[in-house]
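Encoded as structure tokens, the following chain is the form predicted on its own, with no partner shown.
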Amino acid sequence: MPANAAENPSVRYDVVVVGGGNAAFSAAHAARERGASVLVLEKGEEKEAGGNSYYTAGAFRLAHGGLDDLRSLLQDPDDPRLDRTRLPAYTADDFAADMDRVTGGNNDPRMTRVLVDDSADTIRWLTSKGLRWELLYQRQTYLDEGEWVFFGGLALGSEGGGKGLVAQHTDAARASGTEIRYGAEVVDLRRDGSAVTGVVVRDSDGTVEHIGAGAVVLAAGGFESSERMRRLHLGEGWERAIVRGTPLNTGEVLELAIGHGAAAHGDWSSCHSVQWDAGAPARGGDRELTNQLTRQSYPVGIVVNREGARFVDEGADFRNFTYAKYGREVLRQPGGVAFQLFDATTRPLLRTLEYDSTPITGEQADTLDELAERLGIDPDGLSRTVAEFNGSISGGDFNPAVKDGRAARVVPPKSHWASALEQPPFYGYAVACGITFTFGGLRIDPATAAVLDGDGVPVPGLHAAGEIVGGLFSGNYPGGSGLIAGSVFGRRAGAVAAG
């Protein structure tokens, strides 16, 4: 028996939730509605709370029957844009197929089935808790013949983005009687034999306290903010990645659980990483700008490195299905930096929230040579690349709202949305690799979110949800599937933990 179990706890709760983001609060809501006493332990102080959820755009992927099905969820169901909106149905089978396709079949099939089948009901359950929803017009649509066309199966987001999501969760938890403690770092698990019976917490003033629990839910995120763990599991060079979210996800709770016998699961060698403003803070996200530092309109432009060479197919698929893997491609380039380029034709199509935000690491010029000089790109290399790209374009009419087949027949190709860079002024934005979260984590039973040991047996009293759980994603990720996964498995974890 671990020595810490011999010390009597100072206080006891039915359920203790470790973490303070979307998955953690989903677990807390589910436990409270079953009458359990619940304590949420947030490592950060209140001014830095919310985990990675705070830094997101608040997008939730779910199976649905189309616009009419989603309308009843919206905070403003009478938005005049709705009458000019094309939003097709997205079935559970569509969701499952995208999960399988985007991860190359390396997604846990049982976890995926639970995720997609529970997604719609979980959103409605969150709505009953006070979460508010809007359609992501600014992020997920293009105008086509006067209609707003949603693409890539993603349409719904929390009102106010990640900031609004955390605020709404926090309000709902407090209203239900959940206790939230900030500045509370979990440094050990209490055990009685094989069962987890609580946690050991160090407060911000250094005080160590033993807290008893009927069950513990771990929702403390992955290890993306630890340079040591990034180098160990993702490989050399990943220490240069910019942490786009919370700086507090340093993996100690994940390692702690494994040290207590929990099994690891999923792809520990890959992560969610995006094209991120190259001038952003390196060791943690900006709590004011949050997701505005991402640069995700690259499908309508080209992306080059310092040598002026392209290195990805910017139009391989809708942004939702490529953005989370292209950060690592940027990291592999000279200096770990790349440049998104647009001209006067495509500049109006860029996401306003991102490309019109301030500050932004970018330049504008009347010629490509001048733009190259200002950004630090080899001008001759860029001139060759653009000439070859412009001269190779063929296919139908340019239409960013659909997969238009307008392609550039170069290496690498651009499969859709190829538009010649020829109309001044020209615009360039410097991007680096922004790491969001890591894909490796703990193994859980998808039905109960119970943490499993190396023999596949549930660890009594221990559950997990959110980015600390492995198995759903590998190499890539369908946009919006992280938040819904946190809620689906957080809900199950909290409900089962409450007994």
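Residue positions are given as counts along the sequence shown, with the first one as 1. Keep in mind that what you see is a predicted model, and the values were worked out from it rather than measured.
Unshown form predicted in complex with a small molecule; subsequent notes refer to it.
In the predicted complex, the small molecule sits within 4.5 Å of a heavy atom of A59.
Taking the partner from elsewhere, N249 is found to have a heavy atom lying within 4.5 Å of the small molecule in the predicted complex. Taking non-hydrogen atoms only, R244 approaches the small molecule to within 4.5 angstroms in the predicted complex.
The small molecule is not drawn, but in the predicted complex it has no heavy atom within 4.5 Å of G441. In terms of contact with the small molecule in the predicted complex, the residue from E363, E134, E227, E185 that brings a heavy atom within 4.5 Å is E185.
With the partner left out here, the small molecule still marks one of 30-38, 431-439, 62-70, 455-463 in the predicted complex; by a 4.5 Å heavy atom cut-off that stretch is 431-439.
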